[in-house]
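Okay, so here's just one chain, in structure tokens, the form predicted on its own.
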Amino acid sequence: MASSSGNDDDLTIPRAAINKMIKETLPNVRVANDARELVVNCCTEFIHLISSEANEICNKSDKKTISPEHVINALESLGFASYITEVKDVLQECKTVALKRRKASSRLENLGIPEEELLRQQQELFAKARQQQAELAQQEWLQVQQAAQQAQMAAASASAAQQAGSSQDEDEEDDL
């Protein structure tokens, strides 16, 4: 494979993908392994050529991301103008599939439950949460009230004990 880096570890298209394309395109034809390898290398080199040219076009237009228009312009500048119509058709098809995929991935649509039912369920969950919060607040209030009553009773007991102790001291003084 001719490549600008000369590196043997260059990325290539997976052979399984190429084999599948060959079988789909030529179902009744046997293709030798070395021919399959040649197709992989040609595909890889073609992609490298187009992407390099698209990158140059992208850089010339002061962009940082290669867009489909850059790829189409690269095809034209490299002499592959006859493919542009088919490339545009495939691009439109890809956009349509991507749009359908995005719509299909919507959680609401995947649930199969009408939006009104989901809203009703949400309101029901909120009501339950509010009820639980109110019950918890009431329990905390009762605990505070009980603690206050116990503190009052303890203070009253302490006061009564103190009064009983002081009246006993008075009785002892009177006895003297």
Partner chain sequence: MSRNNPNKDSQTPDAKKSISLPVSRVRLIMKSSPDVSSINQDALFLTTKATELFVQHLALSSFNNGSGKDSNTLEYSDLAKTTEENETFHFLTDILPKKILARDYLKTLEQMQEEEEEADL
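For clarity, every value in this text was computed on a predicted model and none was experimentally measured. Numbering follows the first chain given and starts at 1.
Note that the form predicted together with the partner chain isn't included here; everything after this is about it.
Mapping the unseen interface onto this chain, L118 falls outside it, with no heavy atom inside 4.5 Å of the partner chain in the predicted bound form.
In the predicted bound form, A161 stays away from the partner chain, with no heavy atom inside 4.5 Å.
In the predicted bound form, the partner chain stays beyond 4.5 Å of every heavy atom belonging to L125. At least one heavy atom of T65 is located within 4.5 Å of the partner chain in the predicted bound form. Residue-level contacts in the predicted bound form: of A32, A129, A147, A137, one residue has a heavy atom within 4.5 Å of the partner chain, and it is A32.
With contact defined as any non-hydrogen atom lying within 4.5 angstroms of the partner chain in the predicted bound form, the contacting residues in 65 to 79 are T65, I66, S67, P68, V71, I72, L75, L78, G79, given in sequence order.
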